[in-house]
Ligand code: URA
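Below, in structure tokens: the form predicted on its own, a single chain.
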Amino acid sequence: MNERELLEWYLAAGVDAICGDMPGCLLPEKPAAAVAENDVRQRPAITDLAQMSLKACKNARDICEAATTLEELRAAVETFDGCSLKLTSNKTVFGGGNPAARIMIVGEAPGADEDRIGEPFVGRSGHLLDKMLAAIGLNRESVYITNVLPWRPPGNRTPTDAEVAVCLPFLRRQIELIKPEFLLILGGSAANSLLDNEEPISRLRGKWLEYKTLKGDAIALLASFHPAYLLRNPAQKAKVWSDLLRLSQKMHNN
């Protein structure tokens, strides 16, 4: 691995700060023996970790290119072992609903209930999502629901950039295979992952955006608050209601 590849891996892993105020070139020189010992002990471990991450991302992309159907992709994801999240999860939560749906709903990651049952949005957030869909005449049989990550992060922590990078090809391939007309993205983390930006959800929601597949196809995308956020902040439900009305109007006009 060269310096550029190592730097790209650091960026993908979320490294955005240095560990001191003084550049390394200005620090007092260590004895040659100490430097050699430090290199032997640390550099191989860092390099191996970087190579493993890059290899996992490539393997995920290769798997996606080989999958020609949703069921093939599901089987490939369930046997994929390139993400450490799988080691701490009970089940792979691939996705569910109507594979021919006009609307595809994307969340961030499975929670405890989803990890136990193996289906997306089945806990308290899922029950609220059902009510949200029913308010505009939709249900789980008329949409397809999935997440950016097919495995639950321990303790529902925020996934790392490296974990998202490994799993994102699976989501992108799902979108290509389902070919939805509209994408409803729930939560800022999911929206940032798919749109490849760092905009807060408060700025992304309330307007139609565009997602482009790797083949260049454009899909109308609407971002909104995640149901889990609404359970903690019920006063924001009015904004989500306006988002759902915007989705319903566009569906009926197309």
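Being a predicted model, the structure only gives us computed values, none of them experimental. All residue numbers refer to positions in the sequence shown, first residue = 1.
One more form of this protein should be noted, the form predicted together with this ligand, which is absent from this view; the next part is about it.
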{"query": "Stretch in contact in the model of the complex with this ligand, which is absent here, among 165-173, 130-138, 103-111, 79-87 (heavy atoms within 4.5 Å)", "finding": "103-111"}
{"query": "Partner contact for R205 in the model of the complex: this ligand, 4.5 angstroms, heavy atom", "finding": "no"}
{"query": "This ligand contact in the model of the complex: P150, any heavy atom under 4.5 Å", "finding": "no"}
{"query": "Heavy atom within 4.5 Å of this ligand in the model of the complex - qualifying residues of 112-147", "finding": "E114, P120, F121, S125, N147"}
